[in-house]
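Single chain ahead, by itself, as structure tokens, in the form predicted on its own.
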């Protein structure tokens, strides 16, 4: 299916947000996630479906100074 990840078109076979993160090699990363503008807590990622046309945002914390 076709989705948008961080503003970029992407194709995926993932059925859930957790599967998408695994596909992107981010399953163990500390990230914040949102689907279609709604924040998704880490505990809910396996129960959060991904559908054709969804917009997924994946944000990682950054350090700097």
Partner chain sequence: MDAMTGLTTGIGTDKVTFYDTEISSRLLLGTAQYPSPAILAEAIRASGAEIVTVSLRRESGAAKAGQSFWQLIRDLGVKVLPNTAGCKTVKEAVTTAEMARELFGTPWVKLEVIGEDDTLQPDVFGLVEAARILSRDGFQVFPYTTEDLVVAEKLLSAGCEVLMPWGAPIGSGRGLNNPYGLRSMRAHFPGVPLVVDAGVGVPSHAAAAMELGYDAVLLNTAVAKAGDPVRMARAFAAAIAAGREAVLADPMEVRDMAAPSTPVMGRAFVGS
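Residue numbers count along the first chain shown, from 1. In this text the structure is predicted, and so the values were computed from the model without any measurement.
The form predicted together with its partner chain exists for this protein as well; it is not shown, and the discussion that follows is about that form.
By the criterion of a heavy atom within 4.5 Å, residue 42 is counted among the residues contacting its partner chain in the predicted complex.
Though the partner is left out of this view, residue 25 does reach within 4.5 Å of its partner chain in the predicted complex, counting heavy atoms only. In the predicted complex, its partner chain sits within 4.5 Å of a heavy atom belonging to residue 57. For the stretch 1-36, the set of residues having any non-hydrogen atom within 4.5 angstroms of its partner chain in the predicted complex comprises 6, 7, 24, 25, 26, 29, 30, 31, 32, 33, 34, in sequence order.
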